[in-house]
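Below you will find one chain, with nothing else, as structure tokens; this is the form predicted on its own, and questions on how it binds or moves follow later.
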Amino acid sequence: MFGLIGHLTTLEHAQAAAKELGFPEYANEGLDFWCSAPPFIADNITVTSVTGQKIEGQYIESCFLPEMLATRRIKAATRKILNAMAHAQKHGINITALGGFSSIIFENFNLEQFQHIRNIKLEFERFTTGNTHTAYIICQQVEQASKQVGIELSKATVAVCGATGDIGSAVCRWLDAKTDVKELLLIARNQERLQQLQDELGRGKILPIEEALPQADIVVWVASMPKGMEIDAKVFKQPSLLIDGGYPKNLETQIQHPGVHVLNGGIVEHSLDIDWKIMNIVNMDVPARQLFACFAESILLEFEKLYTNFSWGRNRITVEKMEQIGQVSRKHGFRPLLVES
């Protein structure tokens, strides 16, 4: 069985979704309540591969909300993720994806040191961040959607915002090794890590965001959006392609300009319908067919009976592992979400 650990985008979203999640009594509760609410299984899922194989899974609502980080309730946030992981393991789930902020919190707060959660010793090989599949799908979106909007990669400048993160660095490695992208622009807050990435790639210009965006034909956004930051759509080239790989997706509402094509990054489409409610709750455009690539990674690992933390740690994603998960993704009927024609 596969598992998906996720969370809602805001307190308001959580209150609105409480009834659909099966807990109508949570609908009027504030942040303090959500800080203490335990994780629960909110969905039982069946997924069918194009090969005919069927697997079962469960969605675990962690009750984490991004406001917990914004209000410095770090202990509540970290407890949410660890408790959800323990809940998945207790229910015998073989491989579980840490969706949304879950993997970021796990990494940033070094939660691997907390292996004992009450009477459960967490077995980390049962969990994956899903970042390898996410990075692969974003790279496929770059390669395929650029053709759709008339951008030739061999003449294109690609800016990666969040280049030193787990997904961002993997995207840079792939674009360097597997495409003929003309120029890479590397954007991130940590200058030391940027320098290390540039040294590893042997290429790429390190630029501040305000200098990089006007030069880019394609922007891959895999960084958190700083609070209050607004982007003027007029700074972008036309045509340009902007791939929003963050969660929640917030660039499409900010940037509405003819010639600037915004694509929800890290989203896959399945060839067959999936009967679940969670993708309705997170407002996916086609909920029966579309899902986050990180969630799909645990589904793929379950199909292949690869019970291992396929994506784990920071900046360990190789081009070879991206190719491996990509091959499995295609085999079972998943494809990257592309620009609507």
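Predicted model, so just to flag it, every value in this text is computed and none were measured. Numbers follow the displayed sequence, beginning with 1.
Not pictured, yet referred to below: the form predicted in complex with a small molecule.
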Every residue of 176, 186 and 322 near the small molecule in the predicted bound form, heavy atom within 4.5 Å: no
Contact stretch among 118-126, 142-150, 198-206, 93-101 - heavy atom within 4.5 Å of the small molecule in the predicted bound form: 93-101
84, 222, 213, 181 - the one with a heavy atom within 4.5 Å of the small molecule in the predicted bound form: 222
Option touching the small molecule, based on a heavy atom within 4.5 Å in the predicted bound form, out of 271, 256, 190, 110: 190
Partner proximity in the predicted bound form: residue 292 to the small molecule, non-hydrogen atom cutoff 4.5 Å: yes
In the predicted bound form, residue 166 touching the small molecule (heavy atom, 4.5 Å): yes
4.5 Å heavy atom contact, residue 156 to the small molecule in the predicted bound form: no
4.5 Å heavy atom contact, residue 277 and the small molecule in the predicted bound form: no
